[in-house]
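A lone chain, given as structure tokens: the form predicted on its own.
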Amino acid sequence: MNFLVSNDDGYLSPGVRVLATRLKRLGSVTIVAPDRDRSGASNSLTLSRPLRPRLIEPGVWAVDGTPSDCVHLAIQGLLPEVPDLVVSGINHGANLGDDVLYSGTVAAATEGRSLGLPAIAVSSTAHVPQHLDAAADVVADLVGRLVNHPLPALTLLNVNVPDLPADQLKSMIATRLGRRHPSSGIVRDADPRGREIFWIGAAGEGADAGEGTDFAAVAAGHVSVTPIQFDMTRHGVMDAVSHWLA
């Protein structure tokens, strides 16, 4: 089995290296990842300039672009063979609820799925994770399930793993996306020359974080597995919008 591994933390991230090492027990692995941290890049593609992928070492490419760029390049011609599965991660920090709208980790998996491949996005709940091996084992388990029992077309999995030793992780459970409170306000500051600068505020806490959500699952020590689809149409209000337009 041929795996394409990407992320948004960059090709030097411990998470992507641990993941690739674990997947090599199951098949051939190629890393195609950003050359720097591109967290929050979402599904953006670089269209205003050419991309320059660099072969860092056998099986590891660094791209001066976004996570979506990396997966798009890899599948559309950079690699000699189209991979069988795209795995994005292991991200340092959770991607819960509406994080998926901003996450480069999820975007890399989304790009793979949009090009017809099964895909998994996986994140550790810790920004400085201590148990990446346990998260990588979770991915290996999910890969086996996907091989034997493929999911419906156009579905990708967003997986969040509590940063715990393997023997302390509870079961994997299917969840829905929760929702966060709005992020905290911008932080005003000044650079060393006195010019005003702004930092985007931290993500908000869970607003919809009750039973059945990805927030609740990881808080209880479970591995959260959320199936995500591409169609963002709010079908339930189509008639209402038609009447409104009329």
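On a predicted model such as this, the values are computed, not experimentally measured, just so you know. Between two forms, the rigid core is the largest collection of C-alphas that superpose within 1.5 Å. Position 1 is the first residue in the sequence shown; the rest follow in order.
One more form of this protein, predicted together with a further copy of the same chain, exists but is not displayed; see below.
For the candidate set E205, D191, E211, E57, a heavy atom within 4.5 Å of a further copy of the same chain in the predicted bound form is found for exactly one residue, namely D191. Stretch-level contact check against a further copy of the same chain in the predicted bound form with heavy atoms at 4.5 Å: of 142 to 150, 129 to 137, 81 to 89, 160 to 168, the positive one is 142 to 150.
In the predicted bound form, A220 stays away from a further copy of the same chain, with no heavy atom inside 4.5 Å. Contact between R234 and a further copy of the same chain in the predicted bound form is found at the 4.5 Å heavy atom cutoff. Contact annotation for L45: at least one heavy atom lies within 4.5 Å of a further copy of the same chain in the predicted bound form.
Of the heavy atoms in A41, some are within 4.5 Å of a further copy of the same chain in the predicted bound form. Along 1 to 30, these residues reach a heavy atom to within 4.5 Å of a further copy of the same chain in the predicted bound form: Y11, L12. Once the cores line up, the CA of I197 ends up 2 angstroms or more apart between this form and the one not shown.
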